[in-house]
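Just the one chain here, the form predicted alone, laid out as structure tokens.
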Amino acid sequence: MAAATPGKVTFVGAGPGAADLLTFRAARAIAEADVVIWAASLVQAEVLDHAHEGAEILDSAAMSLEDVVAVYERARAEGLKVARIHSGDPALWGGTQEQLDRCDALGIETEVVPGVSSFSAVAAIARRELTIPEVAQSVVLTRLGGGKTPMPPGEEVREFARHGTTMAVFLSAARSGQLVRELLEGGYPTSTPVVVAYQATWPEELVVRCTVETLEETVKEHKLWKHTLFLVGPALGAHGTRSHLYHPGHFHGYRKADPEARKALRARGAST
């Protein structure tokens, strides 16, 4: 007999760890779930406070993909709601696509709830904007090659480093020496600022500043090898620049430009 209500799997981005960085939508999905699958080593236990008393709680650390999909199959058959909690944002290194594909094959409804990525959380902790006018206007999100998941050709850190912009490097603390070599081979000066963040937003959070030259020794000094993110690039140390958006010479639909200030901006080659 078919379930009275259709099952559903919601992939919940839990953010970098702190329970109060959940979105309202994420909290609601957890509260409505009959089954909650979460990564205990990556998300703080307080997120489970949103689950209702009778919810089934499963730790994904002990589950293979096949084990997880079996829960989705049961959800479809019994009309259950599942909240699959992923750390950070499900769009980044979350293993969500293969689960979404399996759900599509099963014919069960899915939803993805975005979460705060650790790179933006670390930028907030460091009180740094990653896109500074005239310094860096792009952010590269990447990881070192040579780990469990091979990198496609052309996506090595050294290749991205050639752009000289801001980089957020995930999953690479265990090979900090290789990371430094590739950053230097890509063209970053040894003096380039780096923010090293371990367990960002957790009680044991550690955020330190160094340079590309001292990155490896910093990692080894603090014995970091996982749960660590690197922000690299000149924007992390830039000061004294100004956004054109709030310049008196810039105009848009809600504000007119000061004529003299506009001339000054245009003299600098800016589009006003």
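Computed from a predicted structure; not experimentally measured. One-based numbering along the sequence shown.
Absent from the display: the form predicted in complex with a small molecule. The rest refers to it.
- The small molecule in the predicted complex is not approached by residue 80, whose heavy atoms all lie more than 4.5 angstroms from it.
- The small molecule is not drawn, but in the predicted complex it has no heavy atom within 4.5 Å of residue 60.
- Contact check for residue 87: a heavy atom falls within 4.5 Å of the small molecule in the predicted complex.
- Contact check for residue 99: every heavy atom lies farther than 4.5 Å from the small molecule in the predicted complex.
- Heavy atoms within 4.5 Å of the small molecule in the predicted complex map, among the stretches 225 to 233, 31 to 39, 210 to 218, 61 to 69, onto 225 to 233 alone.
- Contact with the small molecule in the predicted complex holds for all three of 93, 118 and 199, each having a heavy atom within 4.5 Å.
- Proximity to the small molecule in the predicted complex, defined as a heavy atom within 4.5 Å, singles out one entry of 171, 135, 124, 108, which is 171.
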